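Just the one chain here, laid out as structure tokens, in the form predicted alone.
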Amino acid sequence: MHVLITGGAGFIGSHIAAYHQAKGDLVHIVDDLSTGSLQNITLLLNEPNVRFHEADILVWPELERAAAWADRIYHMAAVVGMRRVLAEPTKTLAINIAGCERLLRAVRAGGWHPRIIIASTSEVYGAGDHAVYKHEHFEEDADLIFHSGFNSRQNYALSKFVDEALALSYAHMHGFQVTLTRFFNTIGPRQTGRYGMVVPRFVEQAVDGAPITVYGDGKQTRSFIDVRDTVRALDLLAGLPATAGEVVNVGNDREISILELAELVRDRAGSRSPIQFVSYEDAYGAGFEDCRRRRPVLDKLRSLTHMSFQWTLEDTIDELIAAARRKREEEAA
């Protein structure tokens, strides 16, 4: 099978690439390295069934040829991370929407019908008082509510919702075999805390003995899925004809508060780091709204794929702590 991965040097994209390389598929990774990293795919670059292009899919001239070559496409390229989304609101909209639309046009021009997975986000369900989960309907067919006026965090959700609408429209008009996956807090090896990701930030702070910074009161809850379970879910969804044209939540429905998460990381690391509360205003600036609960409804994922999770939250945290300690030892040496 020929697999094209846009954003393939990013956190999730690099794991998708490694998964398909190990299966013997021919893998084509495209990434402009704006948030992805060559370090994420270093071990893959010498493999005969992997090729890499450092390119921006907004202007990359080979996109149509790559799309026509692929049997399966994972579109992962996007502006991601809360800090970057808040700092670059116009770029978030422009890159996320234009990149997805150009990929879909390239597939159309190629006259070929690959299986397409489009990465969306749980952010489309909203934040603050507008969060869908306030009414306990974090389901794929829930009506979505967006603010009027400017909201830089919302730009990410809007861009991804437009990507969903574009993909479903191409599917309706041109028979594309596309599945939209709404990701919920994916964590695991190679994820960085640089752009606001909470688990790697907590792990780094605990290993360093630094204060573990919890934003808000820490009572907000999230659900975390290991990236390797995410990749398995995507492969299962892509392999099923019944998922074409569907929007599917991809996550783990175990719920934990952020304060409990900080305590769990600290305990697993055997750290004495104090827990320090930081206001949302100090962390992100004035006007930031958070979602109090974010736990996916997974009925559709389970009914379609029958998958079970192989990684617990504790498993992933232990691996991340061990990796962080190895990194500190290497730096010290």
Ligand code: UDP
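Note that the coordinates shown come from a computational prediction; the quantities given were computed from them, not determined experimentally. One-based numbering along the sequence shown.
Heads up, the form predicted in complex with ligand UDP isn't pictured, but that's what we're talking about next.
- Out of the listed residues V248, M197, A106, V231, M197 is the one that sits within 4.5 Å of ligand UDP in the predicted complex by at least one heavy atom.
- Contact annotation for Q220: at least one heavy atom lies within 4.5 Å of ligand UDP in the predicted complex.
- When ligand UDP is considered in the predicted complex, D163 lies well away from it, no heavy atom lying within 4.5 Å.
- Contact annotation for Y170: none of its heavy atoms lies within 4.5 Å of ligand UDP in the predicted complex.
- Taking the partner from elsewhere, E123 is found to have a heavy atom lying within 4.5 Å of ligand UDP in the predicted complex.
- Residues placing heavy atoms within 4.5 Å of ligand UDP in the predicted complex fall in a single listed stretch, namely 280-288, out of 299-307, 280-288, 30-38, 62-70.
- Site residues H2, A55 and R102 are none of them in contact with ligand UDP in the predicted complex, judged by any heavy atom within 4.5 Å.
- Residues F202, T213, V214, Y215, Q220, R222 are the ones in 202-222 with at least one heavy atom within 4.5 Å of ligand UDP in the predicted complex, listed in sequence order.
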